[in-house]
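Take a look at this single chain, the form predicted on its own, given in structure tokens.
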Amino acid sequence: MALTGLDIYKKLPKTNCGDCGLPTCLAFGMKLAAGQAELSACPHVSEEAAAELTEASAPPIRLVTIGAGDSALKVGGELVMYRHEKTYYNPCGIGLVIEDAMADGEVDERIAQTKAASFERIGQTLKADVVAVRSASGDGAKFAALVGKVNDALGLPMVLMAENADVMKAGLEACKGANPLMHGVTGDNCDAMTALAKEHSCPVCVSCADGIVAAADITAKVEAAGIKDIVIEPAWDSPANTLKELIQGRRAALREKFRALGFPFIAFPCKQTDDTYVETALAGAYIVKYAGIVILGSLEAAKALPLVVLRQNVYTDPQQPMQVEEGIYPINSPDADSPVLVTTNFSLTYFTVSGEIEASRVPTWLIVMDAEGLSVLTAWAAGKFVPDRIAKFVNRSGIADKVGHRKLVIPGYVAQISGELDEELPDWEITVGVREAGDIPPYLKQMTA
């Protein structure tokens, strides 16, 4: 937040009533400053102070919502330059462009690609979440027909691309209530486009070939017209300039508090190359530095998967490991004679191990111990996956009530704890399993043969 806890305290009612859930207004102010509380928790703050605090506490990069309903895409709202400083909050939107000059077959193919760009990884669904519809023909009726078709077929947030206000109006009329991003606001059409944006309550995208310095003048004009939800397209004449402006724009908003550039950015690697491999590499660079939306020319699975996985990795919280709940996970319908394997609750470990067990088709009990989201070796080194803790977990887990044997398989990477674990679990026979998850299927098949 822009204000310190003491600055915020001065604007609070200072009644120490405790209605916010904290004992004093100073404590509440400190929580607000740390981003650990919401101003709405105080029922007694004045309207004037609330407005001032809300403005002061707004993220330096505005949070912009594109689309409506459950599929709405939130971009921006970021607070740091580097992920390790805190975390990134709103994952970059990834999608492709469909033009009204394309043949029906090509349009259908791109719609199908967008639908198919959905993957399951460590318990999360990774997918394309935005689509750009571009007027290449300049024909309002054709543009409107395509917008309507794409909206009906996908229901995803849309970027409507047209610099002619009449064509844009036709597109907006075809998707009322969809809250698309209006791309193509320039210095020449600013007045007409902002009037349309106000009429339809849509966010706008400022595009300026002269770079973000010139774009800042346009964003100031758009804001003065009453439009607050803005996205900026940086220079796209070359990848080097695009990357430079993405970084400079982020730095200006966060470090210099330059409000005219305090908006999310959109990048179009599809404008910069016809080579699908180069386009994918550029998209990856823009996801990392610092595009809020990336639009590609196509979205085949081989292109989409590495990009959505990269996005997932970048937008996880580095201070909070991804983890699953502690407990017993039956895989392949195990019974009382099925083997029992133990591992930690790091998401990647769990989904890798469970996936290999499922692939083996051997009925197995996988018991997952809470190690604060750490992998097996890391948890062992940190003292969180050690014999006494494992023994307590096995005893409280209830696995003994589900099996008729007392055989426990531990990960091969912690073979050194087997002797001590024998002492901690005298009623169990401890077996050292494989080191690599890929070796689990043959190991289980041999074990149960």
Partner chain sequence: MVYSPAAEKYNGEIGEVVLGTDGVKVGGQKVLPFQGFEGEAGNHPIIAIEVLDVEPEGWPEALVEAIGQDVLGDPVAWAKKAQDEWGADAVCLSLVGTDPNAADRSPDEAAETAKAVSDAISMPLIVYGSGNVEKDAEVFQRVGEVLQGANAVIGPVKEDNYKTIAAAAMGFGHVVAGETPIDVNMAKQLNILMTNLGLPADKILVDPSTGALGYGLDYTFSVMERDRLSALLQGDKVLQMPIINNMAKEAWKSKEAKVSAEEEPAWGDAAERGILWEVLTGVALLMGGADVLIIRHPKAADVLHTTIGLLAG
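The structure presented is a predicted model; accordingly, all values stated were derived computationally and were not measured. Numbering follows the first chain given and starts at 1. Think of the rigid core as the biggest set of C-alphas that the two forms share within 1.5 Å after superposition.
The form predicted in complex with its partner chain is left out here; the points below concern that form.
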Worksheet item: Looking at Asp335, Glu109, Asp217, Asp152, which has any heavy atom no more than 4.5 Å from its partner chain in the model of the complex?
Response: Asp217
Discussion item. Please tell me which of Ala197, Leu282, Met158, Ala379 lies within 4.5 Å of its partner chain in the model of the complex, judged by heavy atoms.
Written reply: Leu282
Fill in: Partner proximity in the model of the complex: Thr186 to its partner chain, non-hydrogen atom cutoff 4.5 Å
no
Worksheet item: If you check in the model of the complex, is Gly140 within 4.5 Å of its partner chain, heavy atoms only?
Response: no
Discussion item. Does any part of Asp439 reach within 4.5 Å of its partner chain in the model of the complex? Heavy atoms only, please.
Written reply: yes
Discussion item. Is it the case that Leu96, even though its partner is missing from this view, gets within 4.5 Å of its partner chain in the model of the complex, heavy atoms only?
Written reply: no
Worksheet item: Only one of 176-184, 140-148, 300-308, 160-168 gets a heavy atom within 4.5 Å of its partner chain in the model of the complex; which is it?
Response: 300-308
Worksheet item: Counting only heavy atoms, which residues in 211-247 are within 4.5 Å of its partner chain in the model of the complex?
Response: Ile212, Val213, Ala216, Asp217, Pro239, Ala240, Leu243, Lys244, Ile247
Practice prompt. Using a superposition on the rigid core, decide whether the Cα position of Tyr88 changes by 2 angstroms or more between the shown form and the other one.
Written response: no
Worksheet item: Aligning on the rigid core, do we see the C-alpha of Asn332 shift 2 angstroms or more between the shown form and the other one?
Response: yes
Item to complete: Examine Glu279 after superposing the rigid core and state whether its CA is displaced by 2 Å or more between the shown form and the other one.
Response: no
Discussion item. Taking the cut-off of 3 Å or more as given, in which direction does the distance between the C-alpha atoms of Val309 and Tyr329 change in the model of the complex, closer or farther?
Written reply: closer
